[in-house]
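In the block that follows, a single chain appears as structure tokens, in the form predicted on its own.
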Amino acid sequence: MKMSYRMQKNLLIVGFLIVPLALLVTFSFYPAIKLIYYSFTSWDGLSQQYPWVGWTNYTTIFTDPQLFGSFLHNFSYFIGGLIQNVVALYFAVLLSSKLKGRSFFRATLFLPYMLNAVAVAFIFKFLYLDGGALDTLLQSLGLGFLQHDWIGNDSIVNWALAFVSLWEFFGFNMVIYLAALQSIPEELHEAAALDGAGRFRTFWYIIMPNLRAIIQINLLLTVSGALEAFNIPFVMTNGSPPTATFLINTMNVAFTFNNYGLASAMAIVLLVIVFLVITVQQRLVGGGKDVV
């Protein structure tokens, strides 16, 4: 049977789209629909019965301080992420200049990101021990008054854990900023130098506008990572109540208390909050269009 060129083209397009669309529906759309359905039930994860409870799970989330209140534990990771971006941008600007040994410093600062996340958590777990390496270092520097029970003190434990996240992911953000800085045309720096612009003016009027899109991407990763913090508090404190993030509580509700309906509702709430926060962030930061 003869087919026109247009029909052959359409059949070819459909043929290439069938497999990815089938995978997308099977592993993304269908599980998402089932997750929404489970969130309105009290399913225990094993039985074939799905008792309908309506909006009860969502009401429980917003009225139980142990569930929704755990977002306060994520706040330290958010602040740590903001500091992480500032420090990463500073070192990226510093290492993009003609600094002697800059390749060595780039590799050294990027090294923590290459380490296994669980290994990093265990390293800092021993570092934070009462009388451990950190306290010994502070004592030797004459800063013994700064010694604390870093993990056992509820008032500072989340900030101590947030620092671990900052140390681990700082190198990744720095490399992203370095790549963006190297894409800025050298002519802009030369023009700024001819006009007598100093380092601060060059940074503020040349570098920052051209990094707007990259800053927005890194902030997006920072916000989503802070809201979904899991491995560091889980490994270092076993997800104890003072450090349990919203995601850890979601996992506990599902796999410890076998309440998959409530856990599904918590997953939906987390997804909606991430979406809302990222939308607000995009409004504040801007569209991120390339200036160059």
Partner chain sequence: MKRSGGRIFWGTLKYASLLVGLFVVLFPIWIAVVTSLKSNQDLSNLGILQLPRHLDFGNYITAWNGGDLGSAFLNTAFIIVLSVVGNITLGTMVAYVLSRFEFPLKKLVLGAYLVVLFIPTITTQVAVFGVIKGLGLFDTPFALVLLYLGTDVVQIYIYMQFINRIPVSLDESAMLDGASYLRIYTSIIFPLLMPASATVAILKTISIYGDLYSPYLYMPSTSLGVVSTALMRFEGPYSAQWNLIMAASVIIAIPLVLLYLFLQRFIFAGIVSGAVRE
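Note that the coordinates shown come from a computational prediction; the quantities given were computed from them, not determined experimentally. Residue numbers count along the first chain shown, from 1. Here the rigid core means the biggest group of C-alpha atoms that line up within 1.5 Å when the two forms are laid on top of each other.
Missing here is the form predicted in complex with its partner chain; even so, the following discussion is about that form.
**Student:** From the list Ala88, Ile151, Ile214, Ile207, which entry has a heavy atom within 4.5 Å of its partner chain in the predicted complex?
**Tutor:** If I apply the 4.5 Å criterion carefully, the residue I get is Ile214.
**Student:** Ala191, Leu146, Ala119, Leu72: which sits within 4.5 Å of its partner chain in the predicted complex by any heavy atom?
**Tutor:** Looking at Ala191, Leu146, Ala119, Leu72 one by one, just Ala119 meets the 4.5 Å heavy-atom criterion.
**Student:** At the 4.5 Å heavy atom threshold, is Asn231 in contact with its partner chain in the predicted complex?
**Tutor:** Looking in the predicted complex, residue contacts with its partner chain include Asn231, since a heavy atom lies within 4.5 Å.
**Student:** Taking heavy atoms and a 4.5 Å cut-off, does Phe169 contact its partner chain in the predicted complex?
**Tutor:** Judged by the heavy-atom cut-off of 4.5 Å, Phe169 is well away from its partner chain in the predicted complex.
**Student:** Even though the partner isn't displayed, in the predicted complex is Pro65 close enough to its partner chain, meaning a heavy atom within 4.5 Å?
**Tutor:** It does not: once its partner chain is placed as it appears in the predicted complex, Pro65 has no heavy atom within 4.5 Å of it.
**Student:** Taking the shortest heavy atom distance, is Val164 within 4.5 Å of its partner chain in the predicted complex?
**Tutor:** Result no; Val164 lies far from its partner chain in the predicted complex.
**Student:** Where, within 98-127, is there a heavy atom within 4.5 Å of its partner chain in the predicted complex? Residue list please.
**Tutor:** If the 4.5 Å heavy-atom criterion is applied to its partner chain in the predicted complex, 98-127 yields Lys98, Leu99, Lys100, Phe104, Phe105, Arg106, Ala107, Thr108, Leu109, Phe110, Leu111, Pro112, Tyr113, Met114, Leu115, Asn116, Ala117, Val118, Ala119, Phe122, Ile123, Phe124, Lys125, Phe126, Leu127.
**Student:** Quick check: Val272 between this form and the one not shown - does its CA shift reach 2 Å or more after fitting the rigid core?
**Tutor:** The answer is no; the displacement is under 2 Å.
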